[in-house]
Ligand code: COA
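Next up: a single chain in structure tokens, the form predicted on its own.
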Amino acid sequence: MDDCKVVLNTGLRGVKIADTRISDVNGDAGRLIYRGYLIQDLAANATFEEVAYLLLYEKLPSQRELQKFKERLIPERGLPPEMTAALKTRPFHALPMDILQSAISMLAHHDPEITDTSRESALRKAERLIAKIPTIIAAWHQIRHHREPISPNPSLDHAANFLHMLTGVRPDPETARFMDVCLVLHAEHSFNASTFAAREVASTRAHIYAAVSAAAGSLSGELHGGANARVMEMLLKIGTPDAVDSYVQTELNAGRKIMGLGHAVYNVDDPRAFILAPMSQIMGQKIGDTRWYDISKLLEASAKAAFNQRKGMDIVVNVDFYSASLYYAMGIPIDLFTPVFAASRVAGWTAHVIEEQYGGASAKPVLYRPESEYTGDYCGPNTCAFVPVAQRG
């Protein structure tokens, strides 16, 4: 037993910390489900509003329930005038995720129910966050380009309205549907870093705005968010399809990663990638430029072949690989790719906050409080003797 050593620095990978009824990711089978439903079925048949309802209320809505849900979301899209005025005071070079995180916190100042700790109030707050986060992102994009924010359009569904506020162009039905599918695909993914951050804050009984703000802060880190932005930067660097193979060899020879390939959970191709790829191709055709999709397809094949030849194993494509070229073809700026992700994932974040605070599949300790192993042997086995500052060398 003396030779055994407990490894502590796991980053919680492989450690199950709580039950959840919200979603399941099976990395070996390439399966993602939201409350029992396969992501493929939801992406093909449901709208984002339906999926948000499913995540919050644990069932797909009836036609009447969906209509009522939409009727609650639409008037909540607007921002308090004081918030818009505050956004106009921010430096134009501020990072969009920093703006989003701070704006989420500011929403708490304007919520008349902020001290109501009931489950019903938490659900109403969740709906407000789902409705308002796209408006925050779009408003900031307009403000930083010295333009007035575009008001939400009550005649448009959630995804179409988001694109309209963001780009200034009312999207055609197919483009709006593609955006809607993207929101469905990114709405939830179990206990990833940002979701865990939200649940950890929620475990303190902090309000939902504090928890979602923490999630946004976690997403702003490059090891969690921003992968599809780096994929797009890579595609732009490659530039042309005939440069793909040399790029792959150069990167692998240098020991660098090919962005959008590999995943912390999936051991097979991410099921969401199969849904995004054809949309990227069609969107490229719509704008008369399939170059980024073409490069992506060649890059996926080239990198997989090279990795298999060098390592004797397969590497998988993840959700970020094709969302990059799809968002770019939609006219979404690269530095807004991660905020767009947040506009979708807020549905999952809020569902997890509510589950954390009001009951999950089984009881858990109220507060997350992990232990650590102290390794600071600064003075050997004894504590250090305090020396007054005047006597220190």
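Values in this document were obtained by computation on a predicted structure and should not be read as measured data. In this text, the rigid core denotes the largest set of C-alpha atoms whose superposition between the two forms falls within 1.5 Å. Numbering starts at 1 and runs along the sequence shown.
If you look for the form predicted together with this ligand, you will not find it shown, but the lines that follow are about it.
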Check residue 262 for me: does it contact this ligand in the model of the complex (non-hydrogen atoms, 4.5 angstroms)? yes
With the partner left out of view, is residue 120 within 4.5 angstroms of this ligand in the model of the complex by any non-hydrogen atom? no
Flag residue 318 as yes or no: does it have a non-hydrogen atom within 4.5 angstroms of any non-hydrogen atom of this ligand in the model of the complex? yes
Is residue 222 part of the interface with this ligand in the model of the complex - any heavy atom within 4.5 Å? yes
Let me know the one among 311, 109, 170, 147 whose heavy atoms come within 4.5 Å of this ligand in the model of the complex, would you? 311
The unique member of 238, 268, 74, 252 whose heavy atoms fall within 4.5 Å of this ligand in the model of the complex: 252
Location of this ligand contact in the model of the complex, chosen stretch of 286 to 294, 122 to 130, 224 to 232, 101 to 109 [non-hydrogen atom, 4.5 Å]: 224 to 232
Given a superposition on the rigid core, I'd like a yes or no on whether residue 155 shifts its C-alpha by 2 Å or more between this form and the one not shown. no
Is it true that residue 308 shifts between this form and the one not shown by 2 Å or more at the Cα, once the core is aligned? yes
